[in-house]
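We've got the same protein chain twice here, in two forms, each standing alone as structure tokens: structure 1 and structure 2.
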Structure 1
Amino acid sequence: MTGEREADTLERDFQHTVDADQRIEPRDWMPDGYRRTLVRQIAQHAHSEIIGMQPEGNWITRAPSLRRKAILLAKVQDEAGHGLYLYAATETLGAAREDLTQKLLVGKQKYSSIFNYPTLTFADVGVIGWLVDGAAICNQVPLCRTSYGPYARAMIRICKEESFHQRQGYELLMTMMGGTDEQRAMVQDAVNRWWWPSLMMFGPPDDASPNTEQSMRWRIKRHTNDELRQKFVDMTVPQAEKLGVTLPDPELRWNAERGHYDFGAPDWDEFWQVVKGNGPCNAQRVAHRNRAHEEGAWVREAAAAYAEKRARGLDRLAQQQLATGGVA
């Protein structure tokens, strides 16, 4: 009975901290479910950053100018850094990065469904920056206030860089829309293909999202999937009008009574098929990640050998200093 009372007290104190908008830190007590939810969510986020390097990285060697190549290289490099921050955040929860990577490689953990679609033209690079990174910003800015401290702090830098990525993508599209008829057609085609997958990025509707209610109570999430989706649509429609493209939704219209845009429902059957591994590029993305992991084995081995050698050297130096009274 004493143990149960202690557990109840810890649970009550934890929820009080969360309700007061204070941060939970790695050494604080937390429910097992909270820890598991965070590991799952942050790992999926980290995997998405790493897999997300592939669709745009595919265009680095084919960028139309040195400037565009440099911009794309910098962006892909940023995504690798985001993955690193996030994997580090999972380690503060007791998760091993190697274990999470292995789960991704064998399909036991997911990444964002958006990265299972192909990039067919260079206009896709701009649309990914505008729509995909725009959706990511809507989803991730509230995470700067998530209840787990290391995750929230990592998201501050990530969101700053994602905001820059979105502006880069929009600038590319504005340039293309000021070009030839063929370039404008490329942009519109890319918008047509990426609009609905971008809406799916926020996850399933609230009534089909089993984790949302608990994540909201723990303040891991600050808004529901549908709330974030609405915010993204409201933000994007004026940008599309300025750009001069048409969003491919015949139900899209302003609702003065609600003060928001009405919009159609994505194809949720398609969403679940992609999540289950049956999207256009699922097999390709995971195969590429496995190949990169295998080819990078020598780098990991070299880094581990260097770290071990350095540790031995520091140990010998400490012993020498001890033997000589602190004089090296």
Structure 2
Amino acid sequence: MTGEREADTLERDFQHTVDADQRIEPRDWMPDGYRRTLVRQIAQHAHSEIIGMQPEGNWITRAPSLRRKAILLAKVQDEAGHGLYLYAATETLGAAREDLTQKLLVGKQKYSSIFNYPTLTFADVGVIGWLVDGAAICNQVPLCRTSYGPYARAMIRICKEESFHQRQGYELLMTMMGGTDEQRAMVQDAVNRWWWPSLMMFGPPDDASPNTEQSMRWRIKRHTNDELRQKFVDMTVPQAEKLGVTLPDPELRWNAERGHYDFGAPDWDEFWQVVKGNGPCNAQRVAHRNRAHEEGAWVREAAAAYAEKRARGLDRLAQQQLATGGVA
């Protein structure tokens, strides 16, 4: 009975901390469900950063100016860094990076479905920066105040970098719109292809999103999918106008009464198809990651063997020194 009461108290204290908008830190008590949900959510985010390197990395060797090449390479490199911070955050919850990587490789854990679409022209690089990094920011900015400390701190750093990715993407599109007719057509074509998948990045509609309520109570999610989607549309429409592109939604219009833009529903059948693995690039992305992982196995093994030899060598040295009284 005492144990149960104790657990109740711990749980109450935990929720109290969360409700007061204070941070839960790695050594604090937390409910198992909270820990599990966080690991899954952060891992999925980390995997998204890593898989997301592929569609944009696709254009590094073909970038049409050296400045754009440098910006793109630096951006894709940033995404690898984001993956690293996030895996590190999961480790504070007791997860192991190898284990999470393995789950990604065998398809047991997901990554953002947006990366299962192909990058077909260089305008896609700009549109990904503008819309995909933009949607990611909308999703992630509230997480800078999320209840789990290491996650919140990782998100602050990541959001800062994502917002510059977005700015670079938008600047590329602006430049292209000021170029030739072919370039303008390229931008419009890319917007047509990425608009709906970007809206899908916020997840299914609220009535089809069962975990939201608990996650909101734990403050590891702070707005519903539909709220975030609306916010994204409201912010993006003026940007599209300034850019001079049309968003491919005939239902898109300002609703003065609501003070928001009305917009059409994404094709949720397509969304679920892509989530289930049948998107245009799912198999390719996962195969790519598996190939890189397998091809690198001998290198990682060599590094581990070398580190172990060094450690043993140092041990031996220390013991010799001890034996001969060499350590002062």
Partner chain sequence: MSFDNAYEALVEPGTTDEAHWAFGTGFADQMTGVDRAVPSDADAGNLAAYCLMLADDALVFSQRLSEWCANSPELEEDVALANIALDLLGQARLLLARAAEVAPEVRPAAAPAHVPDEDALAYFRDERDFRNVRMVEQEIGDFAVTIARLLLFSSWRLALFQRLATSRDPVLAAVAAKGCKELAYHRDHAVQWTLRLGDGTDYSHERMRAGLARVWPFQPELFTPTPVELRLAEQGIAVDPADVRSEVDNVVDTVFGAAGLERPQLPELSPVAGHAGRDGIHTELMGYLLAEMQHLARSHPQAVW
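Quick caveat: nothing in here was measured; it's all calculated off a predicted structure. The term rigid core refers to the maximal set of C-alpha atoms that superpose within 1.5 Å between the two forms. All residue numbers here follow the sequence of structure 1, with the first residue given the number 1.
Peer 1: The same chain appears twice here, once per structure, so which copy is the form predicted in complex with its partner chain?
Peer 2: Number 2 is right.
Peer 1: Would you say D269 moves its Cα by 2 Å or more between structure 1 and structure 2, aligning on the core?
Peer 2: Shift of 2 Å or more: no.
Peer 1: Any chance the CA of A303 moves 2 angstroms or more between structure 1 and structure 2, core superposed?
Peer 2: Moves: yes, 2 Å or greater.
Peer 1: When the rigid core is used for the superposition, does R312 move between structure 1 and structure 2 (threshold: C-alpha shift of 2 Å or more)?
Peer 2: Passes the 2 Å threshold, so yes.
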